[in-house]
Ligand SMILES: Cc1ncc(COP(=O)(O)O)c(C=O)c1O
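The chain that follows stands alone, in the form predicted on its own, written as structure tokens.
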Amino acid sequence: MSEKPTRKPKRPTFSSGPCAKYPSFDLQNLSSTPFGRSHRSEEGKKKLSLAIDKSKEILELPDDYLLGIVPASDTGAVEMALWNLLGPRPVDVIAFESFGHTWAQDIREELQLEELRVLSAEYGRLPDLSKVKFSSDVVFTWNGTTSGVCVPHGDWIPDNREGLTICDATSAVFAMDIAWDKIDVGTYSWQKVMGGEAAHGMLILSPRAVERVKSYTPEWPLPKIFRLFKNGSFNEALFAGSTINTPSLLCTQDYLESLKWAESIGGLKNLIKRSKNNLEQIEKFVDKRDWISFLAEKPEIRSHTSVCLQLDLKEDKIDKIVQLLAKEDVAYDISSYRAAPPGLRIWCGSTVESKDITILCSWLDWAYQKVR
């Protein structure tokens, strides 16, 4: 029986969304929020525009890519892309976790597109990416938040693709090296890797995607919050801070502060490095124990943000570990996703400190011995 650790993580917030705040977060950082001001005011537009510009800069997006703030978090951004862009070509959906299957279901049942292929794999695996047809539009997640699996790189996507690539990148941006030249549409939300507050989505469009919006009119009606056009024309103002609905300026300020923190530590390169270092702490721990393993089948597809683990315990005992660690204020919200195999899911994104991961691992040893 291992001894009960005496140290606890400084921040026990290991949820996979909303995720841990950046380390220097303080409510005082939000004091410059223009409370009570319209998002259409000069001050409001300035904040929203700055959030867009700083995001593009830190993510190192190509100069000719557009980025806009849209409603309903990453889900809203993905649905906006699907409803505006799909239809002219067949569609391939790559589904290796719950959200990929959700996008496939919406395309099949809501948009009712008949020329749809779903390339799926069980949790912990990737489908055979060589079978993707790039004459079709391709919908996929870069990182499977609920499976702990990610695509290893963008080399499987050809430069001469005919269709669009639509990528749900919400648990990958700011933590993984995304090949933006391979992505025509990217989506993410503030509450994932940067630890922002919920409800706001980000939509990235390449010139190819913009051309699709301008040249194609979907057969189905579009709700107002999904529309990428206004008065019959492409709504370019959306990508300069003129949002479709009312955003929270408090959440915007919080997001701006997280971007400021990202700049202070050296930008994207060091954000990625921090996340990889966090995974390395868990890898060292798992390598020395036979009762715990990664859900991801191969190391090269192992996520270093949403790290999913399997234990040689029945589900009720895994639940006891989760409850025990929460009661001890060591780790909150680390159960596996409800549709995934029973296990643990530990967020290791850029805002998490490696020393907190190391301390958590020592508690995992204690908790396992206590409940097994």
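Start at 1 with the first residue shown and count on from there. The model shown is predicted, which means the values in this text are computed figures rather than measured ones.
The form predicted together with the ligand exists for this protein as well; it is not shown, and the discussion that follows is about that form.
Practice prompt. Only one of 255, 239, 99, 294 comes within 4.5 Å of the ligand in the predicted complex by heavy atoms, so just point that one out.
Written response: After the contact test, the surviving option is 99.
Worksheet entry | the ligand: the contacting residue among 243, 75, 136, 277 in the predicted complex [heavy atom, 4.5 Å] | That would be 75.
Fill in: Joint contact, 145, 168 and 192 to the ligand in the predicted complex, by non-hydrogen atom at 4.5 Å
All three within 4.5 Å in the predicted complex.
Worksheet item: In terms of non-hydrogen atoms within 4.5 angstroms, which of the given stretches 263-271, 176-184, 153-161, 137-145 touches the ligand in the predicted complex?
Response: Careful reading of the contacts points to 137-145.
Fill in: Partner contact for residue 123 in the predicted complex: the ligand, 4.5 angstroms, heavy atom
Heavy-atom contact with the ligand at 4.5 Å: absent for residue 123.
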